[in-house]
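Okay, here we've got a single chain as structure tokens, the form predicted alone, with questions on binding and movement later.
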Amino acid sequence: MPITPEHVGRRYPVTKPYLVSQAKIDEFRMAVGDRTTGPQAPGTFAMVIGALAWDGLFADAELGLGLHRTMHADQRFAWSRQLRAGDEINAVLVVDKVRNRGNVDMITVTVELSTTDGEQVCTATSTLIHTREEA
């Protein structure tokens, strides 16, 4: 059964804590050409952790999703504060919206990023375009 609007509201288990280290922030900055320095992570660093939450979505055999057939179409962030070195972050993914058109699925998911102490840090909303395999 492919993903359908009936899957809206599906919530996946919390990820293992991710320790935001200065080394990871610096590696990310270098990879994206960001020349800033300091303990605060660039905003898009949130997707390093958010992608870990996507694992549950793509591992859900009921949905029939394949990462190799998925395009990341849109990304938005709502911040309570920036991520910084020393944060231990958990992520939880929720399916917000599903539209099916032919063999194309348009899926909107939200990943909530919070510290292991429960402080909400960021909401990352992504729109994915998925093409189902032909029967």
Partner chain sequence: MARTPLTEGDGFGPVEVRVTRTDLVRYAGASGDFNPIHHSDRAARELGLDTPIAHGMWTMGRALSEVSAWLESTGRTPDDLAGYFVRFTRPVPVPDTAEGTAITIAGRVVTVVDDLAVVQLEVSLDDQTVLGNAKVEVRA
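If you superpose the two forms and keep the largest set of C-alpha atoms that fall within 1.5 Å, you have the rigid core. Numbering follows the first chain given and starts at 1. Small disclaimer: the values here were computed from a predicted structure and weren't measured.
Just so you know, the form predicted together with its partner chain exists too; it's not on screen, but the next bit is about it.
At a distance threshold of 4.5 angstroms between non-hydrogen atoms, residue 10 is out of contact with its partner chain in the predicted complex. Using a 4.5 Å cutoff between non-hydrogen atoms, residue 53 does not count as a contact of its partner chain in the predicted complex.
Although the partner is absent from this view, residue 84 contacts its partner chain in the predicted complex, with a non-hydrogen atom inside 4.5 angstroms.
Within this chain, residue 34 lines the site of its partner chain in the predicted complex, having a heavy atom no more than 4.5 Å away.
Of the residues in 42-56, those that come within 4.5 Å of its partner chain in the predicted complex through at least one heavy atom are, in sequence order, 43, 44, 47, 48.
When two forms of a protein are overlaid on their rigid core, residues whose CA moves 2 Å or more are considered shifted, and residue 102 is not one of them between this form and the one not shown.
The rigid-core alignment places the CA of residue 66 less than 2 Å apart between this form and the one not shown.
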